[in-house]
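We begin with a single chain expressed as structure tokens, specifically the form predicted on its own.
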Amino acid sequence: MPKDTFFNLPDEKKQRVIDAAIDEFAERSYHDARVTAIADQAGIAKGSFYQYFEDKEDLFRYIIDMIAEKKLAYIDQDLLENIEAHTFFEVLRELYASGIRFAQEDPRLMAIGMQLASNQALYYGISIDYMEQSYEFFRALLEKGMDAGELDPAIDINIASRLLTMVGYSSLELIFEDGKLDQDDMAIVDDIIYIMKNGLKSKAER
């Protein structure tokens, strides 16, 4: 977490640091991102940077926390508030759709999120808390689906919640591998959900 000295900055100066960090992390890999460049763009001394953050990773973690919070706002709030009225797969599709809406609205933040997903060492170091939250969310959603008779009660909820989390992160690369966001992306989402819903067996085998 940033130090108290950062949170005590005037809002305008604090925002300059955040904007400079977003620009640098969106344009360069984490390892190539430069504290000096962030400090220069924000109009602060490099020494001041270390009065606000422990190191580059501390700042990166803060930006990732901010991205996670902003991304939640793109989920249909009516659906979340009335989740009992929606099927398991309707909720799952909305989670994917909200991610695409978020990426369309703020591609710089999405670029940073993609960077995290593609860097395993960084991913496991920073994302562990988010993964645990995701497991819990999917466990509750899976239980709801089973109670409603939508899902196979023989499914191991712990395994399924982890698989759904991993598929969610991995699907980012699949959805954005063409380097653009368009209507085809929801077609990919629907294909992913089709496979989840129907499995890999042929209809005759099922």
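For the two forms, the rigid core is made up of the largest set of C-alpha atoms that agree within 1.5 Å on superposition. Residue indices: 1-based, along the sequence shown. Note that the coordinates shown come from a computational prediction; the quantities given were computed from them, not determined experimentally.
Although it is not shown, the form predicted together with the DNA is what the next lines describe.
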item: Region of this chain that lies against the DNA in the predicted complex, out of 28-36, 134-142, 163-171, 66-74 [heavy atom, 4.5 Å]; value: 28-36
item: Contact test in the predicted complex: G149 vs the DNA, heavy atoms, 4.5 Å; value: no
item: In the predicted complex, L9 touching the DNA (heavy atom, 4.5 Å); value: yes
item: The DNA contact at K14 in the predicted complex, heavy atom, 4.5 Å; value: no
item: Proximity of Y50 to the DNA in the predicted complex, heavy atoms at 4.5 Å; value: yes
item: Candidate spot R61, R108 and Q115, all three touching the DNA in the predicted complex (heavy atom, 4.5 Å); value: no
item: Per-residue C-alpha change between this form and the one not shown, L164, threshold 2 Å, rigid core fit; value: no
item: Cα displacement of I192 between this form and the one not shown reaching 2 Å, rigid core superposed; value: no
